[in-house]
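One chain comes next, on its own, written as structure tokens: the form predicted on its own.
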């Protein structure tokens, strides 16, 4: 008999992340490297255990191998437990049929038995592709205090950006009376963060009804939440005021990595009170050569640096030769940057090689309509000597 859990977390990590282009051709978006030593999913996993929620189902689907291997038994996040812990939950074949997860709601529906095993009173629904630090236990306490059926975390956004989000219209007490999906003329600035807490008995009922509706998209935003609102269920917002970024585009992924280098961004990875845990790759200490010049940069374990690094994030195992210049860029694990190469406002995928005097990306003063024109080199790509990749261009990779 499994121990009962007050709250079970379900982390939706199966997204393809097509807007990240070549970075997600062979891995799911939550497995993309971030911040010098992390993967994107590390933030949600770390938030969960830091919030004293120790049972989490990770729902994978697209290109799951690397993500499943990375999570393993959950040990880096203290989720290797006899009672609870981390569980990878891919779609599976049942007695009569099997199918892919058709939508976010269907993914939870297919795992009703997992949640029921722990006799959970509440279920926390999370996404694996956001960068933020959040105490879910405070949100759960708010949910319980309001005697809510559903609580939705919201972030106050500028009114000119509100049409990009699902917007929650609520009264002064936080009770939601209307939900608008990417409205042209938003009535409020409370944007849904895609973080939900449901009272499980109520959600289970709606998941079953939604599955029986053959016209449903089986989605929380399109179906479950509107249905609960229409039925007058108790639904409340939970205001979040910290750093949060959806890294679903090349520009936003680059921005979030640059925020790690900015002490005023609100994204502090050195806070010992709220650590972000990750799997240790057991690399040796980094080595800085006599020709290296480094300013405002992250240099991770296993790196060998003998070139110029300015305002950049260099991941573990990268090699930068004498005479190479890297500015305002992200260089992912295992990449080699040869002598004379120049990299500016770019993302270089893992295990790539930038050969002598290649020029990747171009300096930019500012974003264009909110989007930076970031040059991208795919994982495992080899850029020939003297080659040029312009701002905003994306180079396909291959097997080295």
Partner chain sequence: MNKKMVAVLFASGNESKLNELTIHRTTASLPFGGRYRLIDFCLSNLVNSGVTRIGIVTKNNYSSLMDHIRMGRDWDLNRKNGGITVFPPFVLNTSREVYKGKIEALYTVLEFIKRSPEDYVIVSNTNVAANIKYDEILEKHVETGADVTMLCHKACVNSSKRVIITKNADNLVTDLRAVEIPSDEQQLVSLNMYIIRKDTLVSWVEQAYSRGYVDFEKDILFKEVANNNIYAYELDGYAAIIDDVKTYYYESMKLLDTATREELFGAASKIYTKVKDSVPTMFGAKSSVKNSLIADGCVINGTVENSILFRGVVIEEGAVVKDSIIMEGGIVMKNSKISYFITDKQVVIRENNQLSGAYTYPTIVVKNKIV
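Residue numbers count along the first chain shown, from 1. The model shown is predicted, which means the values in this text are computed figures rather than measured ones.
From this point on, the text means the form predicted together with the partner chain, which you will not see here.
With the partner removed from view, the residue among 229, 157, 297, 112 that has a non-hydrogen atom within 4.5 Å of the partner chain in the predicted bound form turns out to be 297. Among the residues 269, 170, 88, 325, the one placing a heavy atom within 4.5 Å of the partner chain in the predicted bound form is 269. Partner contacts here mean any heavy atom within 4.5 Å of the partner chain in the predicted bound form, and among 207-215, 220-228, 180-188, 259-267 they occur only in 259-267. Taking the partner from elsewhere, every residue among 36, 284 and 292 has a non-hydrogen atom within 4.5 angstroms of the partner chain in the predicted bound form. For the chain shown alone, residue 280 is a contact residue for the partner chain in the predicted bound form, at least one non-hydrogen atom being within 4.5 angstroms. In the predicted bound form, the partner chain lies within 4.5 Å of some heavy atom of residue 275. Among heavy atoms of residue 80, some come within 4.5 Å of the partner chain in the predicted bound form. Taking non-hydrogen atoms only, residue 288 approaches the partner chain to within 4.5 angstroms in the predicted bound form.
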